[in-house]
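Consider the single chain below, provided in structure tokens and representing the form predicted on its own.
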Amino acid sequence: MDLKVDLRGKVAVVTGGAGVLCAGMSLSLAGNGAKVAVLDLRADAAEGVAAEIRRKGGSALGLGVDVLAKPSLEAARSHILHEFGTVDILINGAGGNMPRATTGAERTFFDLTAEDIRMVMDLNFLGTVLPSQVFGKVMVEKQKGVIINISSMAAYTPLTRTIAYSAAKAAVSNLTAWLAVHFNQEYSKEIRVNAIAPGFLLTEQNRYLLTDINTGEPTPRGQQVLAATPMGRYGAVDDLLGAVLFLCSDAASFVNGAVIPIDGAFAAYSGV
């Protein structure tokens, strides 16, 4: 998607940066002039996205990072500051669901383990808190910065089966509002914290729920999703980029503490 904002001179950090959605965000940020640090638990995959950015003429680092381990994040921060000098933008993209924390025919609510629920909660919530601490400190020192979290439509109304994911994304939305107020009141009026809330996009983490592995056709759940989305389709990575670039830019200088739905009117539809 050919969207243009001027991010020259900016340094962006993207966690979960090798995933489909955040790889697209990383490429878009770089395409608009930002230097990008692509962070992912899979170091080789992070470097793959960074290498693609460099092939296209941009500046990028690919780093293996565990967003649930503060020392790992701090090591990445030191590397980024050494290479790029600062951090202006943080996209907290690490997150997701997993089958073991999802109810279904083979796994009832009563079968879910605390360990599996905690893993999803930690990845989405603490995986947003800890990077915000580590990279937010750089923003506090320079008195300016932008943080974008990734919430979900599941934060507005919990989706059936995804108990941990829905609760975790609701926590991310609440955290977004809290961080916006906290940074402004305690540190700087020039730090903004917002979130996007994607509707249903096909990813490797939800494909098993929405698409029949043998036929590629929508599952019964996928049919329900499409019927409940007035635009009649799943979202794509490109559908997120306009909002992300807007929130990173000075055009959003008075947008703070907001969660922006990008859902094809899913949340607006009552079903009748």
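Model, not experiment: these values are computed from the prediction. Note that residue numbering begins at 1 and tracks the sequence as displayed.
Here the subject shifts to the form predicted together with a small molecule, a form of this protein not shown in this document.
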item: Heavy atom of Phe135 within 4.5 Å of the small molecule in the model of the complex; value: no
item: is_contact(Ser151, the small molecule) in the model of the complex, heavy atom dist at most 4.5 Å; value: yes
item: Ser59 within 4.5 Å of the small molecule in the model of the complex, heavy atoms; value: no
item: Residue contact check: Phe84 to the small molecule in the model of the complex, 4.5 Å heavy atom; value: no
item: Contacting member of Arg54, Arg221, Lys70, Arg42, with respect to the small molecule in the model of the complex [4.5 Å, heavy atom]; value: Arg42
item: Interface stretch in the model of the complex with the small molecule - options 76 to 84, 183 to 191, 151 to 159, 107 to 115, non-hydrogen atom within 4.5 Å; value: 151 to 159
